[in-house]
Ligand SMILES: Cc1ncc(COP(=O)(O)O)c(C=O)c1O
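Only one chain is shown below, in structure tokens, and it's the form predicted on its own.
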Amino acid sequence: MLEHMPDRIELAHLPSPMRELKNVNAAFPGKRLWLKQDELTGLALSGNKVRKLEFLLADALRKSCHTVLTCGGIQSNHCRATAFACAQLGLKCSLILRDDRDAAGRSSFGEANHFLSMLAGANIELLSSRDYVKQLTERFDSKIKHAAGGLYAIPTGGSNGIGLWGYVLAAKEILEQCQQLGFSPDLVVCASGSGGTQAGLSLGFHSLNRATKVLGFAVCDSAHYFVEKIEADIRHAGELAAVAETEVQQLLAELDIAVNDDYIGPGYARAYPELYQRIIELARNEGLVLDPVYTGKAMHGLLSELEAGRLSRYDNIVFVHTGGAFGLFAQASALINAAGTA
């Protein structure tokens, strides 16, 4: 399917760096863990989202849209990245955010990503967690109708058959960097929050190097949900490119999508003591900044699985750091308390 890649505009600083996690590796003889630093892709530390936006916003510009509409949690990395990309491109940005403050047990209004989205000039509508589930589709439809064709709607996380192409290209970039460093990646690991990053990586490595396994660590929802979501995004990509349904079905049968949902904890954007301790440990021992929503859970899952001996057949492992550092600030008090006991 690589020949069907859609149009793209260049927003990201690429290639993002890759480095060996030498201090982490000392605990795992025979293993080499590598960090793909997609937290450094640009657009105000927008992480993995900017790669997806290169394709999504190219589509918006091609359709002569003047406003971009998307949605997510109050601390959504994707929404913040979209706001800054729109500001750079001269587009208006409208966000519908789920107000998670009560559910998360803390106040994050006007903090971190939410503050940055406001700073970038986004028009923000807040819905309570209860109303968000009930009203989101209705609000989207209403805004699209009243925009009379000038509004471009992006789903949660930028994850669909267009956005996934950002990580198809990333798979190619990873393989090229690994070759330059003298190894072939056995396993590539990422956080799965909306499924688009893993969908793109899965499609990319299937096309370029099937010996590389892709493993996602769910930060919300079940492994079953993510398998179905990744398959749906790839089907969508196939539909947009007019690829024969039988060809897409054959591809999906070969993918062997792997998702681990054992490290989600209490729920999306909700952390737990072991996760805080892992984030602190890696900051102090490796100079690595992880967040408690996405990358922290994925890295904690990866290292826990390695410690338990469940990934013994993989020697060279690449962890894709998808960004999200601003998520630390909304949970700073809990991290400070955890640091006091570390």
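Here the structure is a predicted model, which means the values were calculated and not measured. Residue numbers here begin at 1 and follow the sequence given.
The following text describes the form predicted together with the named molecule, which does not appear among the structures shown.
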{"property": "In the predicted complex, the residue from 95, 191, 188, 170 that sits within 4.5 Å of the named molecule by heavy atoms", "result": "191"}
{"property": "One stretch from 172 to 180, 241 to 249, 191 to 199, 117 to 125 that, in the predicted complex, holds residues within 4.5 Å of the named molecule by heavy atom", "result": "191 to 199"}
{"property": "Contact test in the predicted complex: residue 300 vs the named molecule, heavy atoms, 4.5 Å", "result": "no"}
{"property": "Residue 294, heavy atom within 4.5 angstroms of the named molecule in the predicted complex", "result": "yes"}
{"property": "Touches the named molecule in the predicted complex: residue 52 (any heavy atom, 4.5 Å)", "result": "yes"}
{"property": "Non-hydrogen atom contact residue 331 with the named molecule in the predicted complex at 4.5 angstroms", "result": "no"}
{"property": "Stretch 307 to 336: residues contacting the named molecule in the predicted complex, 4.5 Å heavy atom cut-off", "result": "322, 323, 324"}
